[in-house]
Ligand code: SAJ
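The chain that follows stands alone, in the form predicted alone, written as structure tokens.
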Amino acid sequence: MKLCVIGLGYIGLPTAAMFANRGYRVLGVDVDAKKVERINKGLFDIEEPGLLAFLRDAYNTENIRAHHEIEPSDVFIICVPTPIDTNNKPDLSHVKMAASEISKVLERGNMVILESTVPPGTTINVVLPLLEKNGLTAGDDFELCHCPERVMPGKILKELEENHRIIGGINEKSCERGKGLYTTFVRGKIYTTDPTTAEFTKLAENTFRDVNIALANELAKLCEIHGTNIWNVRELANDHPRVNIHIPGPGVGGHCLPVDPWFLVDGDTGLIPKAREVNEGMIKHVENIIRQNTPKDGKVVLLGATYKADTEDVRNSPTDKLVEYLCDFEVTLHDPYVKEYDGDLEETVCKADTVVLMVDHREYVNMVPADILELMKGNVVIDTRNCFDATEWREAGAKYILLGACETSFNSK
């Protein structure tokens, strides 16, 4: 069986390799000519635990190759980006282009699977009509499903295999054929439903997380006002069997949480847009803390450029936006996972007035306070992730500030 995976990013390339390592002949398609060339040479740019070896295994089987154009195949899997525009509206241009190109080579007996995260109704109202432009009928001549990816950077290979999957087929035959395909590598449960339910479920999962992070961030700001500590409050509250307050922080990054909730709303002024506003506003909150504790024109060092710990994924990183807000300061970034910022840590913090922990990479957890403070010009250390030991830093002479806590509040760490 020949598979064509359209879009060779964080999801498409590992998915293509997963099928190739199970014996399928896989064509990966991407508009990036340099990426296509590198893949065909066995060179891969995505840094992910275990992924490089896994991709090389796929390459060595000769079951995977890349091209910039779609070719006739038995199965087409769409894994293209679905960003939002400047008005927070979904941009489905990549999905539409992929569906239109597939329709040119689509044949009876084929199957099309949309993995990209999309607004409810996209499979039925957008993808299906585009595929049927060649005269074939979905459900009769070819199968069509929506099967949203549900993985996290840093755990992509593990979660591709172990996470449960949802197959939203336009009819029972589409569901069963899609289920049969993913059964080749998915060890979790596979649920079948209709496309719109599958689309909505993926969005509901990420919206749930975003809204609950917004609650945690609101509580963090209120703790600062009331002279207490969100990290202690959270620990005590979460001991209740029906409470699970999420982790606060300097903002929400990645491709999913800052984007997916907007796919559910259109001009709504209710809870979901408010949660987005709260989480985006945390970057300004961190900026205000920095400004209140840093001399004008001072040097600010931001530790961590990615959106989550121990990965190289910088998509929608809060750090990027914070740099824009601090344009009147001397801002320097350090991140051991991002080549642009993986310089010597001691040289980076040298002469800094303020050091801000933005991402709790493992390399930062065990920094020695005295060593860092000796290099700094000032002594302000702002921890947005509850990563450091407050007592150790204060005893070493730091003005240690923890997001979500007043300076004198008890820190359980």
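Sequential numbering from 1, following the sequence displayed. Remember, predicted model here, so these are calculated numbers, not experimental data.
Just so you know, the form predicted in complex with this ligand exists too; it's not on screen, but the next bit is about it.
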Partner-proximal stretch of 118-126, 147-155, 75-83, 330-338 relative to this ligand in the model of the complex, 4.5 angstroms, heavy atom: 147-155
Quick one: from E205, D91, D194, D320, grab the residue that has a heavy atom within 4.5 Å of this ligand in the model of the complex. E205
Only hit among K274, H246, K179, K96 for heavy atom within 4.5 Å of this ligand in the model of the complex is H246
Check whether H285 has any heavy atom within 4.5 Å of a heavy atom of this ligand in the model of the complex, and answer yes or no. no
Indicate whether R291 is a 4.5 Å heavy atom neighbour of this ligand in the model of the complex. no
Does any heavy atom of G298 come within 4.5 Å of a heavy atom of this ligand in the model of the complex? no
With a 4.5 Å heavy atom cut-off, would you call L303 a contact of this ligand in the model of the complex? no
Would you confirm whether the three residues K2, G28 and H67 all fall within 4.5 Å of this ligand in the model of the complex, going by non-hydrogen atoms? no
For the stretch 356-388, return the residues whose heavy atoms include at least one within 4.5 Å of this ligand in the model of the complex, in the order they occur. R385
